[in-house]
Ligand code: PMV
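A single chain comes next, written as structure tokens; it is the form predicted on its own.
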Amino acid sequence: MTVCEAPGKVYLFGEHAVVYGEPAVPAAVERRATVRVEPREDDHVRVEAEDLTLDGFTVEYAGGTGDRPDVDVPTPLVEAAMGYVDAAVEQARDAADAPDAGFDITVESDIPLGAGLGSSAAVVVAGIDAATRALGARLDRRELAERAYRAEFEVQDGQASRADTFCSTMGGAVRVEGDDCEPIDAPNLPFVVGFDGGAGDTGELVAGVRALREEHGFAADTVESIGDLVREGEALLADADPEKPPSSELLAGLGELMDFNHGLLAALGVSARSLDAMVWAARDAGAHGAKLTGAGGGGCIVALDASDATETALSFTQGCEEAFRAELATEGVRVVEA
């Protein structure tokens, strides 16, 4: 059996604008998806999904991964749980030149599904890495990130960015601008995450921003403004010592930019009442800054606060289902068992 795990992520800055070639800075966090893979002697794929914030189930099916299993659960549930696993299997088969390879796959995750923390990217990255290793092939991190991006691009109908999969593969903080992806140095920022228990429709939210951008010049300017603040944030990180705790000046500067970023995203229509409530609860508790993370519409916010105040305040905020501290994951995908 081969077991790999990969981290989720938060966006420090730049979601949505990254779709239009502006830079973004996501950072990997220590919430991980774990994928266990055992090759089979036939071409069947058996998947057990346990902790994807869905009811756990086991399915088995044969032939191409495009075939959907016949199970007694709602179709959207199957699609959500299986789509990314399907794409990871196809990429692993291609990488190992084993088009008929079958697998027993178990997926576990402590990353809320669809909440803006990169759960699908973590599953895809860990899945491709585990499956290719199980077949005796190994990918370097750049190729793994590229294949994981292709998988997400396919499942998301061409609307995926490279940010999530690259960040999950590499770990730490990364900079993404178009096809250019590079790790960047960053100290261990004191992330606090609030989760409203829901999830936005990424495709619908991306389409909504696109429509606004095409109709209104000021919406296009808003997207460019997000890119500008990302560059300011990069400059602040470049001046910081990644080996030392972040200074209060750095946290204040990053926090101010996060606040601006949330306001711009809200203007583009991708926030939600629950997200705004959590953002303001974090700010009122003394967080240096707070913003939604991911596609929006529901899901998670991220704040900067080294104290317990923000986590406590979020736990008492109406609409917040869970609040937790999220350490920077300096290591990306990793092998747990080979």
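Predicted, not measured: the structure shown is a model, and the values here were computed from it. The numbering used is simple: start at 1 and walk along the sequence shown.
The same protein has a further form, the form predicted together with the ligand, not shown here; the description that follows concerns it.
**Q** Looking at L254, A160, A186, I111, which has any heavy atom no more than 4.5 Å from the ligand in the predicted complex?
**A** Comparing distances to the ligand in the predicted complex, the residue within 4.5 Å is A160.
**Q** Using heavy atoms only and a 4.5 Å cut-off, decide whether all three of T2, D104 and G127 touch the ligand in the predicted complex.
**A** No.
**Q** For the interface check, one of 191-199, 236-244, 160-168, 95-103 should have non-hydrogen atoms within 4.5 Å of the ligand in the predicted complex; which one?
**A** Partner-contacting stretch among the options: 160-168.
**Q** Does any part of L328 reach within 4.5 Å of the ligand in the predicted complex? Heavy atoms only, please.
**A** Taking the distances in the predicted complex, the answer for L328 is no, it never comes within 4.5 Å of the ligand.
**Q** Does any heavy atom of A295 come within 4.5 Å of a heavy atom of the ligand in the predicted complex?
**A** Although the ligand is absent here, A295 would touch it in the predicted complex, with heavy atoms inside 4.5 Å.
**Q** Does V206 make contact with the ligand in the predicted complex, using a 4.5 Å heavy atom cut-off?
**A** Taking the distances in the predicted complex, the answer for V206 is yes, it comes within 4.5 Å of the ligand.
**Q** How about V18 - does it come within 4.5 Å of the ligand in the predicted complex, if we only consider non-hydrogen atoms?
**A** Yes - in the predicted complex, heavy atoms of V18 and the ligand come within 4.5 Å of each other.
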